[in-house]
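One chain is shown next in structure tokens, namely the form predicted alone.
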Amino acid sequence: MDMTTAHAFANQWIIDDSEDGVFSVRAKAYCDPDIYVAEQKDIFDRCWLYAAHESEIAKPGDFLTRRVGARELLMVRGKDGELRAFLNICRHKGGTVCRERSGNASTFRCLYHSWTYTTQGKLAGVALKESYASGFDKDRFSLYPVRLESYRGLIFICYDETADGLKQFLSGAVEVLDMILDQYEGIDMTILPGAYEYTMSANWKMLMENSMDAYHAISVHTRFFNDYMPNVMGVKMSRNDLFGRTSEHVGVRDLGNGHSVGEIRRFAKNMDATKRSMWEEKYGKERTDRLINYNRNLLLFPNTIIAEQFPMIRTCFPLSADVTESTSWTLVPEQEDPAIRAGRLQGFTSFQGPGGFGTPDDIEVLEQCQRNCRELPADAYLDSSRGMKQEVCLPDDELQNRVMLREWRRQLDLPMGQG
């Protein structure tokens, strides 16, 4: 089925009926290869995508190679201190310029024919240059640059030169990022070495929905809530304790442009009186209360999750309609008590790790859902209506799914039914 056929279908891709409180998306949205092709062109080639953290490229000459949005990038801090991103592709025959994942270098040499580039992306050296005619101009063969902007150490790239700037794209998510990062103001943040990388046989949108979905948490992650939390963390809570409307701040909000945030009360909160007093003087009592007593789970459209409780940054990229590649990093204060650092890593590993209480459960369920979506009729729909008529949606409602899918539909310009 090509996209022209998809537009002509009588069955809409999304049914968004505000009057009856029903929201449905066609199951084929998760498994149609033509939808995948359209997503690459209209979403991943046009939106701002999280790529790295400045701590990973801190000093002049530091570099990273990383696949972001189906393209291999070389991100480097030049000798002038400026961060840049380039397609990691030699301008001679298309070889890979840098094959190392990270390091520090003064130049980059393509293995194929030894064309060499500076940290500013300029072509610096050509093997057997004397064989080229006088019309050959090295300045015409710099590495292809990729648009890069940073917000509070978070590096994003965008392949669309005409797109709005990063801060405009982030919209209401800026306030939430500030809430998360203000807790470490004056302290350098760093990504710890290593990451969890895995592929799963499921669509990327399923993983994004699942990452924000508290509805499944207690039923799928029974080992975590019934064993690990009470016996290891010393915390025993009901669903209402975790996700119920226990205060005005608990809930999910639409942040614009497909972004959303869910807030829940922290399991534990420890802060000395002096620091609390300083925060109240700077931020006020209401904001200080939110900083201390609540965790935020932030979805940045299309494919990034920032989970404050670990804290974790996770991205996912589709390799096909049925396969998703995901990477998770831990973002921590550079200088902190070793016992606190160990606790952070334990929390991150025990839930997000390959042997943890969260990720393996989620992958099993999502791969099952993907198989089933392929078997459904072409006109079958899946539901994301929970909480649609609620004035305030709770973390285990599905506002975040609707926010993401509405933006997904808008970016692809797919037909939609409305009530």
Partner chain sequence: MSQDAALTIHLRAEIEEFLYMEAELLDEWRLDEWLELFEEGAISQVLPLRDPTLGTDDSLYLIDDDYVRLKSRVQQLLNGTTYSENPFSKLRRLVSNVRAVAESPMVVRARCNFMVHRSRRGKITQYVGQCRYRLLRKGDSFRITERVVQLDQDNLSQGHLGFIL
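Not measured: the values here are computed from a predicted model. Residue numbers count along the first chain shown, from 1.
FYI, the form predicted in complex with its partner chain isn't displayed, but the following is about it.
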Tyr381, Phe357, Phe44, Tyr50: which sits within 4.5 Å of its partner chain in the model of the complex by any heavy atom?
-> Phe357
From the list Val250, Val220, Met179, Ala124, which entry has a heavy atom within 4.5 Å of its partner chain in the model of the complex?
-> Val220
Looking in the model of the complex, any heavy atom of Arg341 within 4.5 Å of its partner chain?
-> yes
In the model of the complex, does Tyr184 have a heavy atom within 4.5 Å of its partner chain?
-> no
Is there a heavy atom of Val323 no more than 4.5 Å from a heavy atom of its partner chain in the model of the complex?
-> yes
Report whether the minimum heavy atom distance between Tyr112 and its partner chain in the model of the complex is within 4.5 Å.
-> no
Could you tell me which of 25-33, 383-391, 54-62, 365-373 sits within 4.5 Å of its partner chain in the model of the complex, going by non-hydrogen atoms?
-> 365-373
Check Ser211, Gln400 and Leu412: does every one of them have a heavy atom within 4.5 Å of its partner chain in the model of the complex?
-> no
Neighbours of its partner chain in the model of the complex among 17-52 [non-hydrogen atom within 4.5 angstroms] = none
